[in-house]
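Just the one chain here, the form predicted alone, laid out as structure tokens.
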Amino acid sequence: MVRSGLTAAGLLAPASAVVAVGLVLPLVLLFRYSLNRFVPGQFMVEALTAENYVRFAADPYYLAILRTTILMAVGVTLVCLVLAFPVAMVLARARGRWKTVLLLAVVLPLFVGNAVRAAGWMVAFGQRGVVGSLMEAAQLPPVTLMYTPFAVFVGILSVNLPFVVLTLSSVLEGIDERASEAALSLGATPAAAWRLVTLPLSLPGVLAAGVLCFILTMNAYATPVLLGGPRFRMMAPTVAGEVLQQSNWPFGAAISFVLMAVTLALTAGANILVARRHRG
């Protein structure tokens, strides 16, 4: 037993070292930066102060950005789950050649970078883009889609949807189809069988897919910048602006930790609520 424990520790040591060097140490350094003071012309002055966090909490502008980011993340997550569930069920139940075709259709968009996909949506949502041309052909009044929250919502949704589908389908594949068949044989309607059998059994996958989508949306950068324009602000582009444009590393580091803390807190809260509901 002792030897087995030592062997396991030896196998985990390299990965633990990589995580510590590549993740923990940069986070520690970033947190230290967030306690420094920014002085124009001097870049960053060594200090131990929480004024950057106080500034964020006291400024309605940055609180509005945080609220927009959370609302966007919640909205995208809910819509992603609703759209992905039927696709994941079809993918999980498919067999043979059709399963391969469906899987490729879901996976292929992941080979295109977020910036490239956002550029494609820019072409579609532009003033003379695909959507505008179709509306003009249908003699509908023109609608401005580019540089709006709707454009950002659709762009992030298209990025996250394949991840949610793959996560859900992997869980649905492990659910025995005979459970739903038993419910149907006992008189349940297909909707009732899904609600009482399939959904509770797939709840861990729903939670994992929702958490993944929520985290990806909270930290989205390229899509809000390209589709939202300079007036639409989310947390990740705000961090980049403070660091790259304003050279205010302490405040940018503080915003990063606020984003991280809020994401972790909301994710943990959702896990606790779902776990309690699942036990009930």
Partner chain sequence: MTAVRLDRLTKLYGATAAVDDVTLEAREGELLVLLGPSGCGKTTTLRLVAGFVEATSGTIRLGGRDVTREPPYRRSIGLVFQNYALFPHLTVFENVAFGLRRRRVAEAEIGARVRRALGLVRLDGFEGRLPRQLSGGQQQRVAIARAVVIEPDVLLLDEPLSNLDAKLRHDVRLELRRLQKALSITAIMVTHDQDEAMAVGDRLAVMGSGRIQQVGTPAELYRSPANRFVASFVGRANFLDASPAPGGFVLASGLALASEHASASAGTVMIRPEAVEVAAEPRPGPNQFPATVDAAAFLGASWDLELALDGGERLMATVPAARAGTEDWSSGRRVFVRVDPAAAVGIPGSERPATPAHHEETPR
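Bear in mind the structure is a predicted one, so any value in this text is a computation, not a measurement. Numbering follows the first chain given and starts at 1.
There is another form of the same protein, the form predicted in complex with the partner chain; it is not shown, and what comes next is about it.
Using a 4.5 angstroms limit between non-hydrogen atoms, Ala188 touches the partner chain in the model of the complex. Residue contact with the partner chain in the model of the complex: Pro200 places a heavy atom within 4.5 Å of it. Shown alone here, Arg97 lies farther than 4.5 Å from the partner chain in the model of the complex, counting heavy atoms only. Within 4.5 Å of any heavy atom of the partner chain in the model of the complex lies no heavy atom of Glu136.
From the list 190 to 198, 101 to 109, 115 to 123, 143 to 151, the contact stretch for the partner chain in the model of the complex under a 4.5 Å heavy atom rule is 190 to 198. None of Met72, Leu157, Val87, Ala183 but one reaches within 4.5 angstroms of the partner chain in the model of the complex through a heavy atom, and that residue is Ala183. With the partner omitted here, the residue from Leu83, Ala208, Ala179, Val131 that has a non-hydrogen atom within 4.5 angstroms of the partner chain in the model of the complex is Ala179.
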